[in-house]
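So this first bit is one chain, no partners, the form predicted on its own, shown in structure tokens.
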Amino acid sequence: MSDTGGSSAEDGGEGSESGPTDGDVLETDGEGAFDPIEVFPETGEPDLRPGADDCYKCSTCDTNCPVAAVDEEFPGPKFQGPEQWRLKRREDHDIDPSITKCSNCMRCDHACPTGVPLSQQHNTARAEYVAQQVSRFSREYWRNRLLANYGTMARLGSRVPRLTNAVMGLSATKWLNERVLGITSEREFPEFATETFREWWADRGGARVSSEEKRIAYFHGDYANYNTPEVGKALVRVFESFGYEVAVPDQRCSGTPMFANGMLEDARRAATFNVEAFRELVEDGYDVVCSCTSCSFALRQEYLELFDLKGVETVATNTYDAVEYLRIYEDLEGALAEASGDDGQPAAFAYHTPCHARNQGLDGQTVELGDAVDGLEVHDVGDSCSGISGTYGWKRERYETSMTIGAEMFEHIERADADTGLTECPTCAMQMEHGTGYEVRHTLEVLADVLLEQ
């Protein structure tokens, strides 16, 4: 935890004018921050893809890639990363269009025995491909820009949530989205909540616990704010039950869907705003916690790898997944064991670990927590990828690939002795619901049920 004291954060609306502005040029905070290296001296420029020459072509990344496993035409992460970069030493070689088939699940990072920063290479290659080879007038560009900036759509749609939900659920709307934008009509558009998390937070008057010693700043992301505010409410209530002061600063999308769609400048603007907003809180003694494992992964790793921003390392080293944080600094298992008892209703969940949670070493923690609660069963459904990978499975041309990848997970969920799903990633939850019809909950909601309602 951060050990500095300071004033409380101010709560307010998303994207306030008092925050950092787009295009701010920030300096690196020095020691330990991402350090570009000069891979090829003849270019005369520092390269942002260090580690390319650490690849010795063992192909472990390829054998762990869920897309390569189901698509024979996809050359795999080794080609998309180190090999493509070597090819680019020739000036006449462009980024191969197959980079758009990469789902950005990042399982290759976790698999590589020599630590080659594959996903970083993929993100920069994808951004270069979009910048140089995708027409700004094409449907692909605008569809991907729209999906990458979900928060903008959600901010508008959530102003009239019931009307938006009704319109987006119409068959005609789904047909139009597929024909005009290339967004699959197979999926149900996620419904907007009638009250956003930030509206709830403002109505309750913000934090109800004050503490100089135990402080967290909550990065809720767009989905918990606009679609699943019950997840954010659960986080606040659980942390307050442990005596934490919770701050909810202005924030933007973590940038995860922007990385995945090659919109690196959009991601840079979001990262600049978020780093500046949360850096100030960390310096005031707060730690950053996230309820979405893709958000925590972006703040911990992707910002650090891709952007040279003042305070980026400070934020990265003080960011945690919410459940991880409670396991580190509190006796969460003990509290769960004490709170549970024979009076509680037996419950069983089929649990899926998101790929971005595995990359942070968080696989297994939810199953272990389930073991601490009498009457609660959490069945791990295996290490397969869900297949949706954020916006990937929403694209018409990727839908079938997404469902083929997810087939193993669907089968394991249905075999588990449970009738409710459980995960920490909102788009994995979408895929679980879509592929099985199960209701899917977030781990924080279950923790809140056990700790606060029994």
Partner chain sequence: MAIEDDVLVIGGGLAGMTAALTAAERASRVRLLSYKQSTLCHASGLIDVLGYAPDRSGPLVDPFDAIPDLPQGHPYERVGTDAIREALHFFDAVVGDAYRGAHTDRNALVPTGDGTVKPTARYPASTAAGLASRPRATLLVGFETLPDFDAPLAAAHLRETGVPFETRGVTLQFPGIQRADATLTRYAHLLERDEPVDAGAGAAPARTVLAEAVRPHLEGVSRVGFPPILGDEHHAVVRRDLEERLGVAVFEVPSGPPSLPGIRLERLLFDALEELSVRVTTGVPVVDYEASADGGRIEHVLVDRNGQRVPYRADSYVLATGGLVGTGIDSSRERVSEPIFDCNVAHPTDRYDWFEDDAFGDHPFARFGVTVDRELRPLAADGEPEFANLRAAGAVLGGYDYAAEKSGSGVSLATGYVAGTHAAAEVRG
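Computed from a predicted model, the values in this text were never measured in an experiment. Positions refer to the first chain, counted from 1.
The following text describes the form predicted together with the partner chain, which does not appear among the structures shown.
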Please pick out the stretch from 313 to 321, 266 to 274, 187 to 195, 217 to 225 that is in contact with the partner chain in the model of the complex, where contact means heavy atoms within 4.5 Å. 313 to 321
Which residue, Ala234, Val248, Cys112, Leu147, is the contact with the partner chain in the model of the complex, using a 4.5 Å heavy atom cutoff? Cys112
In this chain shown alone, the residue from Gly375, Pro75, Gly206, Gly182 with a heavy atom within 4.5 Å of the partner chain in the model of the complex is Pro75
If you check in the model of the complex, do Thr100, Lys395 and Glu439 all have a non-hydrogen atom within 4.5 Å of the partner chain? no
With a 4.5 Å heavy atom cut-off, would you call Ala131 a contact of the partner chain in the model of the complex? no
Quick one: does Asp71 come within 4.5 Å of the partner chain in the model of the complex, counting heavy atoms only? yes
Would you classify Arg252 as touching the partner chain in the model of the complex, given a 4.5 Å non-hydrogen atom cut-off? no
Could you tell me if Ser59 has a non-hydrogen atom within 4.5 Å of the partner chain in the model of the complex? yes
Residues of 360 to 374 having any heavy atom within 4.5 Å of the partner chain in the model of the complex, listed in sequence order: Gln360, Gly361, Leu362, Asp363, Gly364, Glu368
